[in-house]
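Just the one chain here, the form predicted on its own, laid out as structure tokens.
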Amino acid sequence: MSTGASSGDAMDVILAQWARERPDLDCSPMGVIGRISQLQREVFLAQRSTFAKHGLDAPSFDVLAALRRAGEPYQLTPTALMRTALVTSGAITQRLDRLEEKGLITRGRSEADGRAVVVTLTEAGRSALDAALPDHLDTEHALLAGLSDTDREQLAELLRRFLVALGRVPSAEQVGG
């Protein structure tokens, strides 16, 4: 894969067309947003294929990964999972229903607060996640193979700044506060 600055992509063609047709407009944001959209599709397709090999999908993987990252006893409240996944309560309920049907999680009352519901990663859920994670990382490494380590670090920093500027910062719960 060529990494030279002279190699163009489909967005370069689109931007040139807009420059010709509407030279009065600054279409440069399309160069960033359009490429992010294209990358989003590439990442989605690659991850979908990887997760399918393990009987999972991206939403299921996200829930299992959040529980696994929580550490023993691998429990979180549905609200904490909802905040981690950035989805509605209805969406997280659907995800939990599917995972519970597969035996990958359980839902029960918190030992600390009998009124609170906690979601717990089962041994089967942990095994499924631990089996999928190396393949998931291999997929991500393959997606980034055309970039040097320095390029990856720079891209990660630029994307971090972009997300922070949009207000996407972790809540106190997510950082352990």
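Note that residue numbering follows the sequence shown and begins at 1. Everything quoted here is computed from the prediction, not taken from an experiment.
The discussion below concerns the form predicted in complex with the DNA, not included here.
Put simply, residue 98 is close to the DNA in the predicted bound form: some heavy atom of it is within 4.5 Å.
Under a 4.5 angstroms non-hydrogen atom cutoff, the DNA in the predicted bound form lacks residue 140 among its neighbouring residues. The shortest heavy atom separation between residue 107 and the DNA in the predicted bound form is within 4.5 Å.
The DNA is not drawn, but in the predicted bound form it has no heavy atom within 4.5 Å of residue 135. In summary, the region of this chain contacting the DNA in the predicted bound form, judged by heavy atoms within 4.5 Å and restricted to 141-149, 66-74, 120-128, 40-48, corresponds to 40-48. Contact with the DNA in the predicted bound form, defined as a heavy atom within 4.5 Å, is made by none of 17, 34 and 157.
Residues from 47-72 that approach the DNA in the predicted bound form with a non-hydrogen atom closer than or equal to 4.5 Å are 48, 57, 59, in the order they occur in the chain. Inter-residue distance, residue 89 to residue 115 (Cα): reduced by at least 3 Å in the predicted bound form versus the depicted form.
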